[in-house]
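Coming up is one lone chain in structure tokens, specifically the form predicted alone.
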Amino acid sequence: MSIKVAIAGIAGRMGRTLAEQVQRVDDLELIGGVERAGSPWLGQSIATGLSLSGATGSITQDLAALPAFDVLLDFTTTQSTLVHLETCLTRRAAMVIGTTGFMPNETMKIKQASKQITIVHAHNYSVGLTLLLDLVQQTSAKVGAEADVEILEWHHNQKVDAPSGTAYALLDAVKAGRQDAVGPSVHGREGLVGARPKGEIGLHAVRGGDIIGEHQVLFAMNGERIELTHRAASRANFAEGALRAARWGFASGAPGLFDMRDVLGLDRAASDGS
């Protein structure tokens, strides 16, 4: 039996990639997609609108108008994701959320919903990036606050939030390694900023061209430095990770809020420093 999948933002860059990947596998079935109000793809079939031969289902503005689905893949905007969250709660469907930029009160809504349905929420669905987070936390735990840490990220010129959600996840990994949940962070530097404060973590966002995504964490110490880098050459790897999360979430069937570490079976206790 195939897993019935719906895709929010199906006509966007990531949505199209997700649709293409779903069509290539036998265990997932694409039953429909959602687009924003005013989108030229509304009312079209997925096969016609996305030129995706063999696809079934249509593109609608209202997720609730779609046939029954098991998992929603949502890489849209914070407000759209929260609207879709309500429909998934009503239908008891699992969610794989790739949207970033949620405010604390919005994140709390996702946490509350996860008490009733399975939600996988990751800043980045790349398997390689998930492993990078693990390596960053381990490195941070070993070098401690004596190392100066800088987090750099590059993305395309259409990305709306900065720094990226993944950069913040890397920041959390550094802090978790240090067992310091509060440590100071700074977004870029300008002017006479003075000597670098001990324990400060720098975040820097670059936007340009069609860069898919690159993240680097620099640990600088006296006489040496460690550079941990992940570069994405295609959105396909993010889509493959999201599909992996969809399968995992459907198979789990248990309410809860999870991320790619759970999907990959990484030791959360060790990673969280607990």
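Note that residue numbering begins at 1 and tracks the sequence as displayed. By rigid core we mean the largest C-alpha set that fits within 1.5 Å across both forms. Only a predicted model underlies this, so the values are computations on that prediction, with no experimental measurement involved.
There is also a form predicted together with a small molecule; it is not shown, and the following applies to it.
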property	result
Exercise: A245 in contact with the small molecule in the model of the complex, heavy atom 4.5 Å	no
Proximity of F69 to the small molecule in the model of the complex, heavy atoms at 4.5 Å	no
Contact label in the model of the complex: I119 to the small molecule, heavy atom within 4.5 Å	no
Partner proximity in the model of the complex: R207 to the small molecule, non-hydrogen atom cutoff 4.5 Å	no
Option touching the small molecule, based on a heavy atom within 4.5 Å in the model of the complex, out of T166, T130, S140, T76	T76
Among 218-226, 31-39, 245-253, 47-55, the region lying within 4.5 Å of the small molecule in the model of the complex by heavy atom distance	31-39
Core superposition between the shown form and the other one, C-alpha change of K159 at least 2 Å	yes
Threshold 2 Å Cα movement between the shown form and the other one for L52, core superposed	no
